[in-house]
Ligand code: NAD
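Have a look below at one chain only, the form predicted alone, in structure tokens format.
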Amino acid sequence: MSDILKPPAHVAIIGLGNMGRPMGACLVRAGFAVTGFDVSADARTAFARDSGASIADDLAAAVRHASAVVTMVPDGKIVRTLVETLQPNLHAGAVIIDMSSSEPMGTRELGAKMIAAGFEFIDAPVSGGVRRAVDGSLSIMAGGESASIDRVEAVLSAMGRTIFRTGPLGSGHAMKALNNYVSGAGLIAACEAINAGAAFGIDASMMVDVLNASTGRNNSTEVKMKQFILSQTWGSGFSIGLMAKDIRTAGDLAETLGVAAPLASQCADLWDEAAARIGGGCDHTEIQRFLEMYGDNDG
């Protein structure tokens, strides 16, 4: 088996957005030698300033000396392009850790290709949002060969409090999409319930308290309703477009596997419509704004 990667091993992190930047900072604090890259020069500069990490102006320089390469970008298509671009500059045996929200079947295909070329590949998407990325307490869903996960466990542990070994390659991305489907469906249900209760004359804040003390409690009622929706700050750090993409991935996965999931399909349609109507770059908690105008064709 290849050497276990521990600090001060060299780790490259590709994608320095809302999640990648604090995750990279956690790697720095854990003692890894980190090089960051993003297509945005501003993102690179902010990462270097905030974390003290090195940055690279191109992919080749970012990964040339890295024993592990973390990708944290919007989708699997971008991951594939990145991996195919950086492959000639990877040294033999490097581990690619796709922590993006990629499509599970595509992950299987890309991972098999890279493994055949002499590299290691795991998928390890995360859940927990920006707040938990900052303090290193993310939940990580790792799919792939056990020996490969063993090799980078210290890397993952620097960014996450809980690491779930979900099974074969692609299973982490499948689990992430399915988790976000449950999360997105729960958020819509909570918003619809609050809206109906408010129309009846029930105080919205009190409704959230009742839900959180009762069987209707879910992640959205606990950490989104008052914090981002009732306050209208819309600041969770995760976009409506990415949520729509993940829920569609979950629905497509069920269909590919021949599993009946009619609610997933309907939920995906609703999130797609919301992204198209109010803009995919809006925070996903702004689904409430979409629901308030739903059915108003002139809204």
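No experiment lies behind these values; they were computed from the predicted model shown. One-based numbering along the sequence shown.
Just so it is clear, the following notes concern the form predicted in complex with this ligand, a form of the same protein that is not shown.
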Using heavy atoms only and a 4.5 Å cut-off, determine which of Ala254, Ala46, Ala56, Leu242 is in contact with this ligand in the predicted bound form. Leu242
Pick from Ile202, Ile78, Val210, Ala193: which has a non-hydrogen atom within 4.5 Å of this ligand in the predicted bound form? Ile78
Touches this ligand in the predicted bound form: Trp271 (any heavy atom, 4.5 Å): no
Under a 4.5 Å heavy atom criterion, is Val130 part of the interface with this ligand in the predicted bound form? yes
Determine whether any heavy atom of Leu263 comes within 4.5 Å of a heavy atom of this ligand in the predicted bound form, and answer yes or no. no
Would Gly197 show up as a contact with this ligand in the predicted bound form if we use heavy atoms at 4.5 Å? no
Only one of 160-168, 68-76, 109-117, 202-210 sits within 4.5 Å of this ligand in the predicted bound form by heavy atom distance, namely 68-76
For a quick check, can you give me the residues of 12-27 that have a heavy atom within 4.5 Å of this ligand in the predicted bound form? Ile14, Gly15, Leu16, Gly17, Asn18, Met19, Gly20
